[in-house]
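Starting off, we have a lone chain in the form predicted on its own, written out as structure tokens.
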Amino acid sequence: MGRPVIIDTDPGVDDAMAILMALASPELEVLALTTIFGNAATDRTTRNALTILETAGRTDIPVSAGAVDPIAVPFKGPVPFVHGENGLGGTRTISPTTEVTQALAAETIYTLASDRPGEVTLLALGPLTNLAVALDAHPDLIDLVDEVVVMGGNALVPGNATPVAEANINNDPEAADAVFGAGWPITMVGLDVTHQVNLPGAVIDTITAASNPGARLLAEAIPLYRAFFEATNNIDGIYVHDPSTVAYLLEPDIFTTDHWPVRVETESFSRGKTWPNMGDTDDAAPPAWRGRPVVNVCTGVNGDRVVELLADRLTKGG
């Protein structure tokens, strides 16, 4: 079996791409999907997660629903202008036939990590609320997981939800600050690298023309998402956010990283910003960063290789 992974996710068009990529990668063993608000409300992202697994013929993988609001404030709402009214491009009615597990997301994360201590990777594709809730209930979780890989944050580049904040972190900054400060092995795959990975229109067309069921789902889901990126960012195609985390699991050597303590701003106009301390040693660091663990922050990537991996897995996978 491959590397065991729990995917915490808010599907979401790019989440769907990442999930299908992971399912098509024999290097990975997807243990469960846990759902969170973000690209849509949690009830809808949960239905979308079930639909993606049904489409891929993987109803053996359980889905657990997670938090419906951030830790400190209500959920600000979905982004239908990016992901569609249903979260998957808005073109199909989402009516899965399978059901979620009775266990909530945080408990599923803890139980599966406890069953295989030191083996499980948490792949977080949305806001980090479920991970923060699991940590609060079970502090020993930090010693049970192998690694946490987060799609989120922006160390050295502007934000995308606000001028300073990336969308996933901005949806629950308090949770993100707790997760980045927990002391477990954690890698941040943020806008610093995902904005270096451009999936061009011609490759999108190749992926969506494939004959497998996952590709047919993406053929319905991607057009609105693609139109948003092309109009907003003046690019051909889309930036590759969530699938870049899967590429990191498959080939970490195509990424370059730096190692910094990271704080997440929870106040003022820079709420949601991930701030690395890039200079002082711990004893000389500003008080807010003093004692904080180091985060593995991705700052460079071979974008062409990420595109190759994504196209390969999505054209072959279910």
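What you see is a predicted model; the values in this text were computed from it and never measured. From 1 onward, residues are counted along the sequence shown.
Here the subject shifts to the form predicted together with beta-D-ribofuranose, a form of this protein not shown in this document.
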| request: Tell me, out of Thr274, Asn39, Asn48, Thr34, which residue has a non-hydrogen atom within 4.5 angstroms of beta-D-ribofuranose in the predicted bound form. | output: Asn39
| task | Note which of Met151, Ile109, Leu88, Ala247 lies within 4.5 Å of beta-D-ribofuranose in the predicted bound form, where distance is taken over heavy atoms; exactly one does. | result | Met151
| said: in the predicted bound form, does Leu125 come within 4.5 Å of beta-D-ribofuranose, counting heavy atoms only? | reply: yes
| message | Is it the case that Asp172, even though its partner is missing from this view, gets within 4.5 Å of beta-D-ribofuranose in the predicted bound form, heavy atoms only? | response | no
| Even though beta-D-ribofuranose is not shown here, does Ala167 get within 4.5 Å of it in the predicted bound form, heavy atoms only? | yes
| task | Mark Thr187 yes when one of its heavy atoms lies within 4.5 Å of a heavy atom of beta-D-ribofuranose in the predicted bound form, and no otherwise. | result | no
| Among 88-96, 134-142, 239-247, 214-222, the region lying within 4.5 Å of beta-D-ribofuranose in the predicted bound form by heavy atom distance | 239-247
| task | Select from 170-185 the residues with a non-hydrogen atom within 4.5 Å of beta-D-ribofuranose in the predicted bound form and write them out in sequence order. | result | none
